[in-house]
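Heads up, what comes next is one protein chain in two forms, each shown on its own as structure tokens, labelled structure 1 and structure 2.
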Structure 1
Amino acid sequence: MRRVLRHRNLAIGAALSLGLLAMALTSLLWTPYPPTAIDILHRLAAPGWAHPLGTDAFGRDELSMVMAGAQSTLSVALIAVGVGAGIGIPLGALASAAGGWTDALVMRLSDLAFAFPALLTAVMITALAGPGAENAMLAIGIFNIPVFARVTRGAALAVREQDFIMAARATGRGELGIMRRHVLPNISAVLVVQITIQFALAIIADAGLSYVGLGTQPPFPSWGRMLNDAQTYIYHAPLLAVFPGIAITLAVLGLNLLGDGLRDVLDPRLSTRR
């Protein structure tokens, strides 16, 4: 715990991540204005007491939209990472335990999945089912599966070479029991750090998909679509692009710092005295 409190990156990352979570949860119960409320009389208003971050081209309150956008972004990222980890981790564990053709098959399927980035996968899914947040979750989740599979396989193979694994085999424990009781607990730190990294990447991917119209659909706000809408008025109201951009930057920065700090704290070999 002392190491956690002394780690600057971890403290800053945790504060930014908790702030993002608090903003998303607060938007479920309260926002200064309804995020989708249109007020043409006050369109493109500058920041002031009535609207701390100003309004957009339809008179919608920017602060309310940024808060609601955090809810949308976290929902997409959470489910996408959950899909990737929920499928990728068991696949990686299976590949490391079975070896042979099973290992080769899982890795070749991972290589195939890497050939289709989240954006391209979203385009294909959209062509079949139409745009939407659900399809963005699916596209980002599919892209995350091979990432978790490769990380889990590599970490598990390193652990399986240790002496205590051979001792477990000598006692007659099966491969499934060894994976569940010995391998997965010893690679949990690596997986936790990877989850935070993929969470940050999922936020960027969701913003990119929303920017091109493949993510969260109107009227619900999303940070990526706010950036897309702002580019039309970049010379008249440049602040419209600044606030969602800052939100994305702080969210990704916080998660990256959190992952970096967790890596140092959970793996004493990488920690440095501070």
Structure 2
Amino acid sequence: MRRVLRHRNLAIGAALSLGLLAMALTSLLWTPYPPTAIDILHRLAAPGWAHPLGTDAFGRDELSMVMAGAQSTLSVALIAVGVGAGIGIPLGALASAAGGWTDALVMRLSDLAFAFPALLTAVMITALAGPGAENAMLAIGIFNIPVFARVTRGAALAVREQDFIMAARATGRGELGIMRRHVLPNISAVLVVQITIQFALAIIADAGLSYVGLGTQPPFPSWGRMLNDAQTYIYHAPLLAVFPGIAITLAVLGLNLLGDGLRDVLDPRLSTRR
């Protein structure tokens, strides 16, 4: 019974995540209206046939903006997690293989990074380095590095204690080869799950940054920015403050469910950890 329930989570999560991806890809080719097209005569229109989700204060079509917003959110999250995983995983693997002071250094540095409230520091970095999607990617990515380093190190240490690693070493395989051929494939489940979790967190962080005006810059739409704009007109067009938020929540929910589901399927031992 529980396993069926969990697999339902996986199915819902995969469906929502694919939906998000499909929305972003579709918006590259087609949106009902150009997402930046201003139509001042039909500003703040209620949802209806012409505009399924209504229009904003500039008469831009809300549905088109939500669709195009998926593009910026996905690209920011993708690069941010890519930076974090691309640097963090090798660092964690190095720490686990080298041990000693290398290990201690990597771990202390990641402790230090955890001390900084991530979003606050991301705000500081993007605000000073200049608002925009690229700096938002970097600022969020930096805080993904220690997460991946830690998770990789922990999982790799556990694998390295097992007999088959000893056997591989006895056959004369080098440390790098052992890491690539034996350790990383064995911890890939943990890493895939962590990637989906971090992806969800990156979407929330990106939304927060663009809400305060530091993420993707107008006129290109972003969900956070749309919510900020909507707040100005909250008495006139309350629904504008609802749709982009639903988009964020569904995207994050989808990735979280996907992560939980993958954890159960790929590595049942982990399922009780959180």
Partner chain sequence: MRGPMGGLVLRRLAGLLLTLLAASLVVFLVLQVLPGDPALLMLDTSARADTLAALRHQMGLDRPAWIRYLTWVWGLARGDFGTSYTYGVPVAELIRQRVLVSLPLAVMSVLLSTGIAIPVGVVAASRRGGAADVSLMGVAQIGVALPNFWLGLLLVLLFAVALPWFPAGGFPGWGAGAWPALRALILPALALALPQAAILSRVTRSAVLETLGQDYVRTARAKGLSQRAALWRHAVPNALIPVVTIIGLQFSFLLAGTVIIENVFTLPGLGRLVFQAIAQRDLIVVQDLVVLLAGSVIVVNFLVDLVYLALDPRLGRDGLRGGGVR
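So that the term is clear: the rigid core is the largest set of C-alpha atoms that superpose within 1.5 Å between two forms. As the structure is a prediction and not an experimental result, all values here were calculated from the model. The first residue in the sequence of structure 1 is number 1, and each one after it adds one.
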Same chain, two copies; the copy that is the form predicted alone is structure 1
Following rigid core alignment, is the displacement of the Gly172 C-alpha between the two structures equal to or greater than 2 angstroms? yes
